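There is one chain below, alone, in structure tokens, taken in the form predicted alone.
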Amino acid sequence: MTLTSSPIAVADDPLPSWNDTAAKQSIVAFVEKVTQPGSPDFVPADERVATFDNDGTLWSEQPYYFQLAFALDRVKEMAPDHPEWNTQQPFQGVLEGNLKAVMAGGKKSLIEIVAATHAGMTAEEFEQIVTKWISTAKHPKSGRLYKEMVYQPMLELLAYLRANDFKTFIVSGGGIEFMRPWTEATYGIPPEQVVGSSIKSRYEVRDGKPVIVRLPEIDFIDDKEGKPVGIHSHIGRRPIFTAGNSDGDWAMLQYTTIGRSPSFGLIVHHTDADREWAYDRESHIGQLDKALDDAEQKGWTVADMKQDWKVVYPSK
């Protein structure tokens, strides 16, 4: 899949898959005022930093996070070498297709699964595993490759911002090394501009070759209040534009917009049960409650997927 926003499309209509509603108008107005020399809101190009959540903001996240789907597939692939998993939760639940049993263990179970499936190998080996999975694995509902379940309107937004000298970053609760192998081809965001959760690693020399070895220990969770910390640590500049879709992005929206002008906060609101999913306050994935309540007061733009987007996914 390739990015679809050509220079001609950007010039004629920067966001052709967006309906001409208040959401699109507010985005365009913001970009124009911060990039126009002489404007009181002009921002120099080197300060035009834009951060984007990934799950639910740049691609779908239902019925569960796609990295979890990757981890579940890894458990099944590795199971022949781990017969003990047949009677050991949460792995037994994975092998029996009983996700209720898996999720019953909460965060502890998910950490166990990630530790078992993401560690004990070199960074290069993990990258090869992710690259193979993202190129072949398909979503159970849509039948699309997971990497094809990205949002066409958001691809256009990324291209539009970059055409106006913004530097675009992913700031996600997902694993940094799970995302880095494919974000450049999919979003045009290179690996050095991806901020995410991470496990601990160490340097070794194996058979005369320097390698980074992944350890079964959590290093950093880039979610909620961790997102501004990740931005500060990895990027070193406070964004002027940010986009998210859930309360997990609330702190990043605050960090970008409160006490900083000009600035822009965008919330992707999942309202389209026909073309994607409709969920917000009560969802077990991508819960949007507090941030939705704060949007009007804080001046954040809410993009209603059903009303504001002409299409959801790119055409195949």
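From 1 onward, residues are counted along the sequence shown. In this text, all values refer to a predicted model and were calculated from it rather than measured experimentally.
In what follows, reference is made to the form predicted in complex with a further copy of the same chain, a form of this protein that is not presented.
Colleague: Go through 251 to 259, 36 to 44, 283 to 291, 54 to 62 and give me the stretch that gets within 4.5 Å of a further copy of the same chain in the predicted complex, heavy atoms only.
Modeller: Result for this chain: 251 to 259.
Colleague: Tell me, out of Gly97, Gly143, Pro190, Pro83, which residue has a non-hydrogen atom within 4.5 angstroms of a further copy of the same chain in the predicted complex.
Modeller: Exactly one listed residue reaches within 4.5 Å, namely Pro190.
Colleague: Only one of Thr186, Asn164, Ser201, Ser109 has a non-hydrogen atom within 4.5 angstroms of a further copy of the same chain in the predicted complex; which is it?
Modeller: So the residue touching a further copy of the same chain in the predicted complex, by this definition, is Ser201.
Colleague: Hey, in the predicted complex, is Ile235 touching a further copy of the same chain, heavy atoms inside 4.5 Å?
Modeller: Ile235: yes, in contact with a further copy of the same chain in the predicted complex.
Colleague: Closest heavy atom of Pro228 to a further copy of the same chain in the predicted complex, within 4.5 Å or not?
Modeller: Looking in the predicted complex, residue contacts with a further copy of the same chain include Pro228, since a heavy atom lies within 4.5 Å.
Colleague: Does any heavy atom of His118 come within 4.5 Å of a heavy atom of a further copy of the same chain in the predicted complex?
Modeller: No.
Colleague: Is Leu158 close enough to touch a further copy of the same chain in the predicted complex, meaning at least one heavy atom pair within 4.5 Å?
Modeller: Answer no; every heavy atom of Leu158 is more than 4.5 Å from a further copy of the same chain in the predicted complex.
Colleague: If the criterion is a non-hydrogen atom within 4.5 angstroms, does every one of Ala123, Phe169 and Val205 touch a further copy of the same chain in the predicted complex?
Modeller: Each of the three qualifies.
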